[in-house]
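Quick heads-up: it's one chain on its own, the form predicted alone, in structure tokens.
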């Protein structure tokens, strides 16, 4: 039987591999697709983003059409996440604080990839640890899968030694403009100044 330390080491290795994969895949996509915001015009080769309808932590429905007119970011994770998700949400909370009044021009979404455990009630308690402007979203398995497919997000259920499970998932944040067009990513644990600069450009639309 694996010790807790050994199990944690295996999980960390898997998570790092997933993060590296996300950086390679979505970093490459970001370079090619962030055309309107970060570089000269080019033709996107892969569509990121699309229609979805999910339920927020208050029990209200939120769809992609509700987001039109304001840039937004999307991060896929889950409330039982030991490190990546709370770290990312804390970093985004700090970024919103640093943006000052401009933060009100940005929507920040956290979509759970574990809808079985992450009900609106669970999300409501979890999101209290972060900036109140961050919206937690969940839904049925089919609704979450549809959102993940639209954003080319990856996740898988990983059984643990105690008979429970955790989730391996994409660690990047997707940045979308006010029309719902993908313009780039923020990598896991990206430098704070680089993250803030990207968000400022996203809000400014330049």
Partner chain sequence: MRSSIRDAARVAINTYPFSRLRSFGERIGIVAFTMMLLFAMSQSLWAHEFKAGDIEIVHPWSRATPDGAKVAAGYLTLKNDGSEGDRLVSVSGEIAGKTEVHEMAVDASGVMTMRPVEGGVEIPAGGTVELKPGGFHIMFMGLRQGVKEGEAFKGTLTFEKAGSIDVEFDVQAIGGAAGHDDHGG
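Remember, it's a predicted structure, so these values are computed and weren't measured experimentally. Residue numbers count along the first chain shown, from 1.
As for the form predicted in complex with the partner chain, it is not shown, yet the points below apply to it.
Contact annotation for residue 79: at least one heavy atom lies within 4.5 Å of the partner chain in the model of the complex. When the partner chain is considered in the model of the complex, residue 91 lines it closely, a heavy atom lying within 4.5 Å. Taking non-hydrogen atoms only, residue 125 approaches the partner chain to within 4.5 angstroms in the model of the complex.
The partner chain in the model of the complex is not approached by residue 63, whose heavy atoms all lie more than 4.5 angstroms from it. Checking 53-61, 66-74, 157-165, 140-148 against the partner chain in the model of the complex, the stretch whose residues place heavy atoms within 4.5 Å of it is 157-165. Every residue in the set 83, 86 and 191 has a non-hydrogen atom no more than 4.5 Å from the partner chain in the model of the complex.
Contacts with the partner chain in the model of the complex, taken as any heavy atom within 4.5 Å, map within 167-184 to 167, 168, 169, 170, 171, 172.
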